[in-house]
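Have a look below at one chain only, the form predicted on its own, in structure tokens format.
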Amino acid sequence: MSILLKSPIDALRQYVEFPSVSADSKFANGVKGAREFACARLEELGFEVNLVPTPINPIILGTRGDPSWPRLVIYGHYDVQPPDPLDLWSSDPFTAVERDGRLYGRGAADNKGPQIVHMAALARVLRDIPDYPVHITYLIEGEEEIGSPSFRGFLEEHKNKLQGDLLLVSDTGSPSPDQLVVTTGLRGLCAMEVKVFGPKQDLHSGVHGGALLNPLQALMHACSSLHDADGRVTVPGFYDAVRPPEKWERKELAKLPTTEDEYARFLGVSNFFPPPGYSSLEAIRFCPTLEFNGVGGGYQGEGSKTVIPAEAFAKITCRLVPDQKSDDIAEKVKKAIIQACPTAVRVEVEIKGGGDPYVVIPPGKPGSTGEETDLMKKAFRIAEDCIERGFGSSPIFLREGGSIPIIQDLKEVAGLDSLMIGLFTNEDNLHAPDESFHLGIMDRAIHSFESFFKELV
């Protein structure tokens, strides 16, 4: 019997124990092991599996069924974030440990647990309906956690193999184990690194201080100019293309069981600082941002060292909302930084890439085109019913603050709209120590997806 049928938890445990960190080449064997594990599970389900080479990690492409049937594409990723800092884990990040109704380990929730949910549900369906009349394409990449650098090229070359009526994704979040979210939007992303150069080497601040502009001071001046006192981004044109949320989206957000106070306690902050006109819970879904992710320069060790550094840097990312474009915003921010930096120093701004935001209007909601595929219309309706039966409450339809740039790529290149059902929660600690996957969600989600797949036909 397939391990997916016998024990999905054991399947997840084995999958987690492959240290598939794509950001660090020393984990290459773990990446390979996770890829082989995912391929083996698809082959057990009767998929024809191919590995498509990329410059970094191959993409798994599995297909099953008659191409004339309704066509479903399922996305996931087999790579995970680095486990650091290791001393903050309660157990080895790559030895899956079950405690208090959770399975702990790097990648348990992002994205190996949701993948096992889909596969285990399909295993039950195919056991009961061997000739299940839906053509399914599995797409599992190994570079998501490093920004999917090979994905767009893969899409352009292989888009004919990804033709479908709907994309199914479970790489998004929900507020609690009892309240799932159908994600209707993802913020886009653009990233850049700013470097400010002053003297040819670090200088003694007593001997030379006062004669020249400190690169750190110049950097902080430029960075501080990018927001006003209320937190709004001051970059010219930054908000020009922002699409305001629909009335139905605000109504859906009002159903969220999390209050502002609960959110503050979870984050450990006393006050929020959203832009004018938005609450904190609205801002993380409907507003673009400009964030400083890292700043450095000069002496970083213990004690003091009286130097004027030769250079300083800042790492910046922007989260984008419909209808902003990543390339456009990146150029606008770059121009603003260069103009804000004093001429007494030299500044370089390197754009590091990103992706555009994605939004889907669920069939039947105000603003939907009515041109959705039959499978898409059916899938959204069935998903709502199956989640309500399995979790005891109807899902909430919400945009999410995070970014999965390849979702918009799949829309643009392959014409695929997405049904995104969140299976992790904030308590799962994605990208942080003690990542875990809630086994209650896992069990109920397998039953719900089993019903979902069966009712699609």
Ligand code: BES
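Just count from 1 along the sequence shown to find any residue number. None of the values given here were measured: they were computed from a predicted structure.
The protein also exists as the form predicted in complex with the named molecule; that form is not presented, and the subsequent description refers to it.
Per the 4.5 Å heavy atom criterion, the named molecule in the predicted complex is contacted by stretch 184-192, the sole one of 320-328, 157-165, 119-127, 184-192. Though the partner is left out of this view, E249 does not reach within 4.5 Å of the named molecule in the predicted complex, counting heavy atoms only. In the predicted complex, the named molecule stays beyond 4.5 Å of every heavy atom belonging to E141. Heavy atoms of K26 never reach within 4.5 Å of the named molecule in the predicted complex, leaving it off the interface. Contact annotation: E311 falls outside 4.5 Å of the named molecule in the predicted complex, judged by heavy atom distances. Contact with the named molecule in the predicted complex, defined as a heavy atom within 4.5 Å, holds for exactly one of F424, F397, F47, F391, namely F424. Only one of P245, P362, G76, G173 comes within 4.5 Å of the named molecule in the predicted complex through a heavy atom, and that residue is G173.
Within 4.5 angstroms of the named molecule in the predicted complex, the stretch 397-430 places a non-hydrogen atom from each of E400, G402, S403, I404, P405, F424, L430, taken in sequence order.
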